[in-house]
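Below sits a lone chain in structure tokens, taken as the form predicted on its own.
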């Protein structure tokens, strides 16, 4: 690493020990002068076991002067004489910074440096603040929407107690709106919000709340650009404002897939440091009518039935998904239809290549470069690819389109572990009709590290567009009657359709679009590459350095 020129270097005290403290434009480091041993432990980024510490300037939250000028109070008792040169009643400043704790979680830690000279203290504070001011990617003003009803109804409490104090410390101004009804945030963003005042929009809630914010922001951007959302051929304009997610819902799949954790403090710190993670958006249409946008999962069959049943059990809270899941599994419904898709080509990888999307993902970076080169050629390339569409007909237990891994605490690898956030594709997973036992084996793969798609009845494709057309699905009893030559199947079929209590399968399922039921079954889906950006970094790989202080290159 190329060495950076020093801005400041002083001997300061930390907890009555003398440290050599050094600052350059990239790193703040402090090393215990009294420890001569070279660090050989396996300390992770920012943590030290041998008296050497370093923090990237971009991960410093704030610095403030500590008022230590007040003389020590005389309590009338004997005072212990400090045995180090540090005087407890002297000038000091505190640096607040990001510290990595458990897996992918961040915490706002701090260190206080003491110095005897007030002018030196002011110099350090001023210099660090000047370096923070150069970080132009950091937000200064945010529009915050809080869902007080989602999840365990703790959205406002989480924001007030865990997030707002950190935003205040980082000198971020906020305008907070507590939503009062469904789609309140979406409608406000589309029509009323003065977005020019803000550097980003933050939602406090679950995936449903994020979907509201995303729909409002994307629709507002298309309206201002004069883009017709109802046209499948239109190239959508990317949003200028970044979106932040403070997880406070029943499911926080999007936050988990973009940060690696559903911890509110971690998400708040990602927002403060100004991280930016591009994300693809799928537009869903029925003929010439726009239905919804999707960022995570489009599910037909199993996941559509789970959502449909769980909507009638909302009073049960998050437990409704478990109960509806078991009920849907036992019903073992399958549906017949036709899936056609446009496969992804080039260097976009494969759903089974085990190349997970992480911070600085090479696949997503390549897609970004390709997008810049060919942004005016979308309609041409689509026209040229008309003959390359693949058509599959069959009976399916589930049809899923995963635009991200869809990982969550219960499914650490997700539905498609190798799906990418910003490569302009979605992973289309087709689960054909099979036995209950085989389907259970497939579902259990979501909770472990085995290959999700290593079954003869499972097919997976990386696609840029796809369509689905349903067909009336006969129930098992009708199929058995036809195969045995028994007459009267049309009569029995009519009875089954009119009386669902008989237990026969309905003709069609519903589409689960990021936790919302779509009003149409026949849909067309197109992936729009990197349409939005989040205040996120992607999931970081574990970093190990031999010598943190040497790594600082000071």
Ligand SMILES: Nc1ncnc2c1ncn2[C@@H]1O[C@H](COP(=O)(O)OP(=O)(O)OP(=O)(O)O)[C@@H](O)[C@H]1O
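Numbering follows the first chain given and starts at 1. Worth saying up front: this structure is predicted, and the values here are computed from it rather than measured.
Keep in mind that the form predicted in complex with this ligand is not shown, yet the notes after this line are about it.
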**OP:** Name the stretch: of 99 to 107, 175 to 183, 459 to 467, 340 to 348, exactly one has residues whose heavy atoms fall within 4.5 Å of this ligand in the predicted bound form.
**Re:** 175 to 183
Original post:
Going by a heavy atom distance of 4.5 Å, is residue 516 a contact of this ligand in the predicted bound form?
Top reply: yes
Original post:
Does residue 418 reach this ligand in the predicted bound form if we count a contact as any heavy atom within 4.5 Å?
Top reply: no
**OP:** Report whether the minimum heavy atom distance between residue 245 and this ligand in the predicted bound form is within 4.5 Å.
**Re:** no
Original post:
Hey, in the predicted bound form, is residue 147 touching this ligand, heavy atoms inside 4.5 Å?
Top reply: yes
**OP:** Sort through 197, 314, 140, 365 and report the residue having a heavy atom within 4.5 Å of this ligand in the predicted bound form.
**Re:** 314
Subject >> Answer option from 169, 129, 358, 320, heavy atom within 4.5 Å of this ligand in the predicted bound form >> reply: 320
Subject >> in the predicted bound form: members of 205 to 244 within 4.5 Å of this ligand, any heavy atom >> reply: 205, 206, 207, 208, 209, 212
